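Single chain ahead, written as structure tokens, the form predicted on its own.
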Amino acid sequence: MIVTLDGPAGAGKSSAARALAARLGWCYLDTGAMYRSVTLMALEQGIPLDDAPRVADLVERTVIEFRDGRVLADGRDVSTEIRTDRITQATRAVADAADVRAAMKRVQRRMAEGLDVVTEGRDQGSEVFPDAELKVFLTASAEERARRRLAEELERGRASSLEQVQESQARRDEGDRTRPVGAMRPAADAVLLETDGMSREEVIDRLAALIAARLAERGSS
């Protein structure tokens, strides 16, 4: 079974997807980490990030794995490196390239083949896995998402303010909605889950209940 979680930044989809997969004993597909890993590898190999065909070829050649909360690229733990500001800034150009997204779509589908998977991103339900049995668009109000993001920034020791986070978030939301490829949008048959006022455990419980209901439907059909 494939479960997709899409939604805007700060909605909590990454932590929710990771925790849900751990609870169920399923595979977790962190698509953002995949784009970051390929960006890192391209920079290290001297491949221009605007050379979409070469970066797309790198996507096909790079073995990305998720093990015990770590991200491995060709067997190397890149979990920390891909979260640096340098990679964060560079990844947008890679993720906006149509050739790269097409290659990543193929790789993600191969990785999920025959497995129970929780995958999250912007276009997992709308583009990558249109036949997924459960698609969820996880969101929250702009104010709630900004408060969560600020808490994360402060926890990482980064000085910021709610106003700065809100401005940055608004720019990212607009960019994600208007991207030429892989734009953020809920699939037509996605379940909309507003998480304002919900704890992470409550979100996980709700997602687990949705999965149980779909499995029950499968069993009765």
Ligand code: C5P
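Don't overthink the numbering: it's just position in the shown sequence, from 1. All values reported here derive from a predicted model rather than from experimental measurement.
The protein also exists as the form predicted together with the named molecule; that form is not presented, and the subsequent description refers to it.
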Quiz item: Contact between Glu153 and the named molecule in the predicted bound form at 4.5 Å, heavy atoms?
Solution: no
Quiz item: Taking heavy atoms only, is Thr139 within 4.5 angstroms of the named molecule in the predicted bound form?
Solution: no
Quiz item: Could you tell me if Ala33 has a non-hydrogen atom within 4.5 Å of the named molecule in the predicted bound form?
Solution: yes
Quiz item: Should Arg185 be counted as a contact of the named molecule in the predicted bound form, where contact means heavy atoms within 4.5 Å?
Solution: no
Quiz prompt | Option from 129-137, 89-97, 67-75, 109-117 whose residues, in the predicted bound form, bring a heavy atom within 4.5 Å of the named molecule | solution = 89-97
Quiz item: Within 4.5 Å of the named molecule in the predicted bound form, do Arg148, Arg200 and Arg206 each have at least one heavy atom?
Solution: no
Practice problem: Would you give me the residues of 42-81 that have any heavy atom within 4.5 Å of the named molecule in the predicted bound form, in order from first to last? | Solution: none
